[in-house]
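There is one chain below, alone, in structure tokens, taken in the form predicted alone.
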């Protein structure tokens, strides 16, 4: 981390640039306070921005060069789908949308910094959030000799001051965007700050862009089938699609039906509880279908152990440890398990809810002849008697010993 007094040996800085308030202020601030040349990098992970406008803004703010990198396919294939296989929901709610994009963005900034001979990489993260960890640990893991600048954290910027600074320096801002802090990629929209800090009230409707209010969703239910191969979604309603198209299609369809609104209080890595609102229509559908397919094809032991692996995997990614060797080791286990997670799940979408309609897989462990209570069942109920004795033996024995010890104590007045 670079302090105010240690930046004299820095001449050129690569800034991860979204075009939002924090990074726009950072361009001007870096030039003004550090006296450095700024190269801006915008990574397209599906945020649906006008990237020509973002580039023009960077140049207007004084960046000497700008890069726009289209990484949507890499984001989905190498980050999002790994998360799908790990049932990536932090604290059971958050589909890790921003958390997944940060190591990718950081790695691209490292690539540009090395290509351009930069001395440092800068980001617009605050000292309260998780993104500072995700950026800096990735950067330090890939290029430990590069310095890191974090002007928002170092100088204690707050949102009110940033708006005032932007207006004073002619930095264009969008009123709605600056009412909230918003991050967008193909896997989800993350919204915080402003009116959302009042946890006693519903999110204002202007928070949402991808999803209909459930009460305004279509009155007719709609079904959609998702085909998985090796734990990865490959087709919708029988049509093979690449990852970007598949996720985009489901975002539009499920969003129409009001699916994917998430509002919860979550624990940041820094120990702060924060109210977060997300829109993740495709993620909601895909993760629900994937989890259900796993229940069909994996044994109970595999499921119980994988649940522990999934929790640890999500924790690593959320807390900025994408580069940790443990994450790669967990991926190796998950990839092995997911080879049998193949099949098709059909979902029904209706006014904000999504339910499972049907399941099928060549690896299905469901055997109707064993599960059925009809006369055709192959299960011999007499097997249960010996099973009960063996299964309960440790419990029965422990209670027998306890009762014996207690009776001896009572007999001797203990």
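Computed from a predicted structure; not experimentally measured. Positions refer to the first chain, counted from 1.
Omitted from view is the form predicted together with a small molecule, to which the following refers.
> Is there a non-hydrogen atom of residue 76 within 4.5 angstroms of a non-hydrogen atom of the small molecule in the predicted complex?
Replying inline: No - in the predicted complex, heavy atoms of residue 76 and the small molecule never come within 4.5 Å of each other.
> Could you tell me if residue 190 has a non-hydrogen atom within 4.5 Å of the small molecule in the predicted complex?
Replying inline: Output for residue 190 is yes: heavy atoms within 4.5 Å of the small molecule.
> Using heavy atoms and a 4.5 Å limit, would one call residue 182 a contact residue for the small molecule in the predicted complex?
Replying inline: The answer is yes: residue 182 has a heavy atom within 4.5 Å of the small molecule.
> Is residue 266 a contact residue for the small molecule in the predicted complex, using a 4.5 Å heavy atom cut-off?
Replying inline: Contact check for residue 266: yes, within 4.5 Å of the small molecule in the predicted complex.
>> By the heavy atom within 4.5 Å rule, which residue out of 294, 131, 162, 310 makes contact with the small molecule in the predicted complex?
In response: Spelling it out, the residue with a heavy atom inside the cut-off is 131.
>> Using a 4.5 Å heavy atom cut-off, which residue among 87, 211, 98, 138 comes into contact with the small molecule in the predicted complex?
In response: None of the other options qualify; the answer is 98.
> Taking the partner as it appears in the predicted complex, which of 336 to 344, 243 to 251, 76 to 84, 123 to 131 has residues with heavy atoms within 4.5 Å of the small molecule?
Replying inline: Flagged stretch: 123 to 131.
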